[in-house]
Each structure stands twice: as structure tokens, then as C-alpha cells.
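Below you'll find only one chain, the form predicted on its own, shown as C-alpha cells.
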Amino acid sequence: MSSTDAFLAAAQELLGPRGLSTDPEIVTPWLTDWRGRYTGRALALASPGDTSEVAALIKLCQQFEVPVVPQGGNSGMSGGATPDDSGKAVVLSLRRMNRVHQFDTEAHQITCDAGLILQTLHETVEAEGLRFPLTLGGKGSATIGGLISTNAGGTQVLRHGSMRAQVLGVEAVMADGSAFDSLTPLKKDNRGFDLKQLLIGSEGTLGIVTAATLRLVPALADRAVLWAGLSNIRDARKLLLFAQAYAGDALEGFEVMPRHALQSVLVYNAKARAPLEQQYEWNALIELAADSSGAEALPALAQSFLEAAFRQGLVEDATIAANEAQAEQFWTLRDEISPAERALGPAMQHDISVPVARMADFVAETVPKVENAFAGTTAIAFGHLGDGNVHFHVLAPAGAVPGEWEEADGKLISRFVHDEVTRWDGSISAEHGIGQMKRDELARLADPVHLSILRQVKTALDPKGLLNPGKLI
């Protein structure tokens, strides 16, 4: 019996027919990333039912030197959960591990498996008058483990921070199969390095997150969602600063999108409607929110804020969603930019950040610079202006061949954009992770000391290099 057959037999005995499959019909759907840019092969799909099974499987992988590619909802944007084409790796799916273990409504904390879907978490805590303050367009498929492994952001980072700020404790299986248990949240703990923070954002290269304790906040009692038309991105920056000063902690989100992005969604979604009669070069989606203590005053705050913005000439036109259904319609226009753009054809997507105060200038200067350098392309930037993070996408010229264009001009464009981001003292990955898509660019552009430390940590915790090989570093 070959070592591969011996491994599969042992894994099958450990996990049973429900927990391990080599059937191509079952495995194949999980071998291509959400964007369709990366497709690999795998030895098998492993779906353990609990942490003990994950630990036992990882020990087997160490014994037989089988690489492991952890996967949550397979909704990542950088190919971080897709195996290579060697066919030697096991895809480790945590989707069966979707239980809530403890829910403390008084402490505003919940402990759950890594495979729990974000939308399910939202629904669970909202039933008890609480909420988990992180959301994104892929909430119906993204898992808690995946969000932790990439330190996901989303549309509420402005007020509540990224995933790193929501994680109070983690449980993880390390490369040797040992289980690291740090689920109990402590307000103060100075026993050396904060190991949970080391695991957050490590993209499964240091350990497999199997459970987490998360912070919750009071449920929203009311919200006001506003849509504003603007002439340029720098005016959006001025409006953001005004909103922060005027609304304070009530400012929940501030998203920007150019005319092209909005029009793409309106074409993609036949039911979508533009919030304003006239088209504007830029649009701002603003959400003000309050719990029960501030709900009564929120409508007046939203109205007075908008009136003050008009008086100061900060907006050209604007409206407030009349009800919750319309508020959701406004947010749908933002959430569907990525799928609407994907329907247009090939594009190079860049999830970048620069210092918050410089983001508007970066967009205003870099968009025409890219379009002039690469004839026929369309550059668009949208997203979280208040976080200094936008999704900077460059759409291919008409007639570009999918696959070929990305490998030729696309790579040159990404190199150009990343050079510009670096020149502006920014980061080539703000919230989607490095994965395999930006691994080489990180090696090219990152500070050598930074890279050296990353590699030393990786070697120390995963000496055989079996955890998510080929990703991040």
C-alpha cells in the first residue's frame, strides 16, 4: 500500500464517510475560488465534525506529510483557500463545525465553531436583542473562521473595527495537531505574547482556527440611511469629516462609489433603482445608527445633519431612506458592486489602503494615471473611505479574453497599482488577505525585516510547511 493510500485509509477510518470524500462530484466545487481565477486539485475533501477530529486529522497529515488547505465558505478574494495543482493536499472544510457553544447575553459574548455562517450568527444574536458588528456582502456564505483567518473588514469598520477587534478568544489546532485553547476572554492578560492576535489574519498558515469567542453589542433600535450625490471624491472626504464631527458615535458607515459602479449594479440587477433622479460622478452611502438610548433622537439628527451639509455646500443632492425596505435597497446597491462588475468581464481587483487622510487624493490622482497608462481600461475605486481602504479595480478593455488578459496586461496593471500604493505609504492588502494572488507582490514590496519576521514565525510554528502552503509567504 502506498503512503497516499495508507493516509486516505487512516483518514477515512477517523472521519467516516461523511467526513472524508474523494468523489470528484463532491470535491470539485471546492477547488475553484469565488472569483474563478484559481483552480487546483486535491487528494480529498475532509469535513471533520469537531475540534478533536481536526486535531487527529492534522496529526495524520504530519505523519504522512500531507499538506492541508483550510477552507470556510470559499468566498475569499485572494485565492487563499484554493489548493495548488499538485493534487497532494487535503482541503479541510470546517462547514460541518457550525455550533454555538455558549451565548452569554449579559456579558455580550458568544462562543461558536469556526464553520458558523456569518448570517446565521447575525440571526442568532439578533433574536436576543444583540448584534455582531461586522457585516459584508458575502455574509450568506462567509464563515467565522474564514473571517478570522483574513482579519476581514466590511462596512462597519468605521465604528466598530475589523474582525481583529471582535475576537475575544480563539481555539486553534496547531501544525503538530495540538489544540490551543484561548476561548475564555480576559480583560487583562499579560502572560507573554497575545497568541490569538498572531493567529488572526494568518490565513491558516500558522494554525487552524476551530472556534472563537466574539464580542457583541446592543441591537440597533433604529437607523437612518442616507444617499448623497457628489461631484468628486475630495468632496466625499469633506462630507465624511463633517459627518464624523456632526454625528459622532452615531456614524455607523460611510461608503463611496463612483458613477460607473452604480450604473453597473443598475444594469446587473433589473430590480435596482437609483436613489437620486440625477446621476453624479460620486455617491456616498451613509448610515447613522442608535441603540434604544438614542433611537428617539435619530430621525432629527439625520435630518439636521443633511440640512447642515446642504447649507455648507457639501452635497449636490441627497435623500434619506423612507423606511427599512428602502434602506436595504440602498445597501444592495453597494453590496452588489463586485458581482455586477464581474458580469462585465475581466478585471484586476486590488484591495488597498493608504493613510485615511490621503485616500481621496490617492483615488483622484491614481484613477486617471492608470487609465492613461493602460489604454482602454476603466479604473474604479469604491468602499470604505473612512477606513482608508478602497477596492481599486481596473476593468479590461472591450474584447479582452478572460484568462489571457489577466495573465498579460493584468499582471502589469497590478504591479503598477501596487507601486503607486507603496509610493503613497499604503498596503497592498487591507482586508482580503494576501492568499496566493498577492504573495509575490508582498515579497517584492514588503520591508525585508517584516518579511523575515513572518518567515521565522512560520518556520517555528509549521516547520514542515504543511499548513496552507503557497499562501501569504
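One-based numbering along the sequence shown. Please read these numbers as outputs of a predicted model, since none were measured by experiment.
There is another form of this protein, the form predicted together with a small molecule, and it is not shown here; the text below is about that form.
At the 4.5 Å threshold, heavy atoms of R131 stay clear of the small molecule in the model of the complex, well away from it. The closest non-hydrogen atom of E441 lies beyond 4.5 Å of the small molecule in the model of the complex.
In the model of the complex, the small molecule lies within 4.5 Å of some heavy atom of H384. The small molecule is not shown here, but in the model of the complex it comes within 4.5 Å of a heavy atom of G137. Listed residues M359, V256, I352, V209 were compared with the small molecule in the model of the complex; V209 is the one with a heavy atom within 4.5 Å. Stretch 147 to 155 is the answer when you ask which of 371 to 379, 233 to 241, 147 to 155, 119 to 127 has residues with heavy atoms within 4.5 Å of the small molecule in the model of the complex.
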